[in-house]
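Take a look at this single chain in structure tokens; it is the form predicted on its own.
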């Protein structure tokens, strides 16, 4: 049995991830793994947003808000001391079920906090509830009305984080503990865990890509393409457009929230800049550059542009250079980088062009 053409890009991604790590180890440049790990988590947001924009045809300018919800909820639950509420019945129940952890702060005082696994699940649950609550009315809008509505949601999350003492206001939340996934696997900024964190992050990206590719190549994916092409025509064929759009919106929000949780534990904190409007605009622009209906194109451009930005390659001109790249792509490759004649020809030989 040969390798399916659809699986070739996935195998190439796995090989590339391993090769990059081996190169950094061989050239004593392991410090690059820090930015590559952060890039992976931002890429997870882009994958989810590409599903929403490129396949369901719904524009969102508020996905940085979902990223921040995931990060802030997990950070708050794992850092705020519940020791004063330890006699509360609910707190006692949570403690008995092992969802709370007793420890010490830097001054030797006892602290009682939610364990990272429970905090992560809580963050995902909160994100799902908010995404359903926001998506149900907002996704009835179209065009610039939808863009403005999601932009308003992003601004609300940003201002809420900036103004709420519980979330650290302008300083954000620091001192977020490591996330112990499995014995020997911990999401943290510890230098000794740099390689394992790199593989954890890219493992999540790989999982996200596999799930997304399976989705877009399934009956659901065909329904999403029909909705993107013409919602009225899709409805005439019996497709429940509202339900498919809402579910895709929730899935993309969960991708963003999970990335927020993981990056927060990796960095040991989160600030309101992660919820800024410019972050959301950047995600949308990267997808436009990579190709609206190209998961692989969006991922490629997300990795390149985010890594360059995190390395500070353009200094204070980062935003200007990013804008120039976007303008150039819109002029010369409006369908995305993988739709350029040469790359399009290569992609058709080695992978599914529509993904």
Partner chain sequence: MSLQLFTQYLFSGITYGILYAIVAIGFNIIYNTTGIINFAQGEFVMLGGMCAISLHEYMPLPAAILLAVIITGIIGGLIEIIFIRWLDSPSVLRMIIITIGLSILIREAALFVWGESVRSLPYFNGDAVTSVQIFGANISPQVLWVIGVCSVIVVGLSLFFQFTYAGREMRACAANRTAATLCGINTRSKITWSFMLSAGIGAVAGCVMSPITYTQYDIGPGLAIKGFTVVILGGLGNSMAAVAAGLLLGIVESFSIIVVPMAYQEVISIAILLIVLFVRPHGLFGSSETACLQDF
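What you see is a predicted model; the values in this text were computed from it and never measured. Positions refer to the first chain, counted from 1.
If you look for the form predicted in complex with its partner chain, you will not find it shown, but the lines that follow are about it.
- Although the partner is absent here, residue 316 is a contact residue: one of its heavy atoms lies within 4.5 angstroms of its partner chain in the predicted bound form.
- When contacts are judged by a 4.5 Å heavy atom cut-off, residue 22 does not count as touching its partner chain in the predicted bound form.
- Shown alone here, residue 159 lies within 4.5 Å of its partner chain in the predicted bound form, counting heavy atoms only.
- Contact check for residue 87: every heavy atom lies farther than 4.5 Å from its partner chain in the predicted bound form.
- The partner is absent here; in the predicted bound form, the one residue of 61, 33, 300, 308 having a heavy atom within 4.5 Å of its partner chain is 61.
- With the partner omitted from this view, the residue of 98, 108, 183, 143 that lies near its partner chain in the predicted bound form is 143 [heavy atom within 4.5 Å].
- Looking at 90 to 98, 187 to 195, 256 to 264, 162 to 170, the stretch with residues near its partner chain in the predicted bound form, meaning non-hydrogen atoms within 4.5 angstroms, turns out to be 162 to 170.
- Contact check at 4.5 Å (heavy atoms) against its partner chain in the predicted bound form: all three of 147, 281 and 292 pass.
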